[in-house]
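Following this are structure 1 and structure 2, which are two forms of one protein chain, each written alone as structure tokens.
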Structure 1
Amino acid sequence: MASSVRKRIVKDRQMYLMLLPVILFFIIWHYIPMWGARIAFQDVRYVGANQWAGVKHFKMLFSSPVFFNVFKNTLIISAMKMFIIFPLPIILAFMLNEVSSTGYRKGIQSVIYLPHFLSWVVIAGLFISMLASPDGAVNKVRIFFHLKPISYMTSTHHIRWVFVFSEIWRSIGWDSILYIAAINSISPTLYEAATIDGATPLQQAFNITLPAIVPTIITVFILNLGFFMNAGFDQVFNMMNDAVINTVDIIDTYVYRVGLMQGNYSLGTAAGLFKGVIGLFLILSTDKLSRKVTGEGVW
């Protein structure tokens, strides 16, 4: 046995040689930082070796009202995005499917995918400008209808909705691609038969299209659930300001600000690790759920 393994390795030595730098990259950029995350259990010393500190930093974290608020914000923002945004790409895919002119459909599609490729820095810039008070587009329209202009970016009542809307703006088109593909793979004969039976387009949408894409819907939903702890660092980071910080601060921005900027390295790493472990648990359990429901894992 052992010699046959050796034979296979020797035979494929060029392959392993090519794989080596790739595996090294993964060890350096992924596994060493994982090992580095042990500073969550240590006190960082500038001179000499770090001292083990047990779960001291986690205790500190869980007794901190700031972190409690940050954790709450993460859950609220993520839940708002998930439940409000989730159905929209499906509706969009349905609408696109109803368009009879291929040229029109392609034109619309090429426009609505574009925002996905813009950076959050740019998107934040666009939204700050559009929502500016009083001369951004939105407030111009409000003034036209004799409504008071609102300073959306600095209003604690509105900023989370700005996150929801800008996320919709960025991802609705791109996220519809999966559903469009699922719809396209439905056999046209189903529609032909339904048409002969006198089914209206609406009846067809509900009785043919919807059932056919339910597996895709379930898969995407489960996948989103797995990434629930990612409330959207880049978005929040680029759109936050001092006026709304208590409403929008999430775990990732906390790690950056309190951990890296203020130099509380162990505390910041502990917060990141806490989020990572919850995320890991979510992904593993959604993977199990997915296998049960759709017969296919997330991977």
Structure 2
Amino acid sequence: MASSVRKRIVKDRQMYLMLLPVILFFIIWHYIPMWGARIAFQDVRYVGANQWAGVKHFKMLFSSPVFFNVFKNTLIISAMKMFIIFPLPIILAFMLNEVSSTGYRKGIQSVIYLPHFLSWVVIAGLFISMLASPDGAVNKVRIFFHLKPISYMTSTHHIRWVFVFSEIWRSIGWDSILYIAAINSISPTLYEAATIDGATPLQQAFNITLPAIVPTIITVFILNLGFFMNAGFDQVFNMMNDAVINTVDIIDTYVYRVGLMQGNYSLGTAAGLFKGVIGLFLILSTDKLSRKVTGEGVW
């Protein structure tokens, strides 16, 4: 067995060499830090060895009304992003597939991919400027139509929707790449046969394109569920302010505030570990359910 594995590695050594940086990245930034998760079960001492505290910090976490609100905000924001944003790249991929001009299609793709390469610091600055009251571009349009200006960034009723729309603007183009690639891998002969049989473009989309990319959709959905509890730290951190903190404070910002700013490393690690366990449960259970229902999964 070991000899067979060694032979395959030697045979495909160039491929494994290309894979090496990725393996090192995950080992350094994802696997080694797991050892630090033990401080969730310890009282951190700045002098001397840490003392084991059992599940004390988890009890403190779950009995805190602040964490309950943070957990609720995380679920709401993540659910809004998941169920509103997830179908949009698929729809966009379908629309781009119908553009007959290759040059025009590539031009559109270049434009919609660009926001992905902007940092959330830049994007937050753009949206704060556009949504400012009363001088932002959006409120100037509202005033032009004799509507009352809205302070979107300090409104608890609007701030979550700002997160959703800014995420759409940033990620919809980039997230559509996988679906475009999946659509491009479909044999053209299927469309030619459907055209001869008199199928309309809409019928072709629902009877050829959609079934062909279902495995890709399922895989992406399961992987996204693994990050369900993230809710977007960079976005929330850069757009959050004191007026809306109770509405948008999520687990990641809570961990940053409690663990790094207040120095309560054990409590912050307990919150982060709790989030990670939920993410693992979601991805494993969804993969199992998907295999039972569709026969397709991640592994």
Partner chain sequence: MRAKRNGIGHYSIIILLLITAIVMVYPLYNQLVISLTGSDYIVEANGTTLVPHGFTLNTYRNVLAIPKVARGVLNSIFITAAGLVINIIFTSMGAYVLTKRNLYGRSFFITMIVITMIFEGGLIPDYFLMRRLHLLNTYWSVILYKAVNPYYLIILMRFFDQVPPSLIEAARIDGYNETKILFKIVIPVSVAGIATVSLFYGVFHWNEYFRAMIYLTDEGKFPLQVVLRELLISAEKASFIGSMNYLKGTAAAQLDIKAIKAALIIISIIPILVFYPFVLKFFVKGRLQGSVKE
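Quick caveat, the model's predicted, so the values are computed rather than measured. Counting starts at 1 with the first residue of structure 1 and goes up one by one along its sequence. For the two forms, the rigid core is made up of the largest set of C-alpha atoms that agree within 1.5 Å on superposition.
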Choose the one of the two that is the form predicted alone. 2
Aligning on the rigid core, do we see the C-alpha of Q262 shift 2 angstroms or more between structure 1 and structure 2? yes
Classify Y31 as shifted (yes) or not shifted (no) between structure 1 and structure 2, where shifted means its C-alpha moves by 2 Å or more with the rigid core superposed. yes
Given a core-based superposition, decide whether the C-alpha of F67 shifts by 2 Å or more between structure 1 and structure 2. no
I need the CA movement of K288 between structure 1 and structure 2 once the rigid core is aligned, reported in Å. 4.8
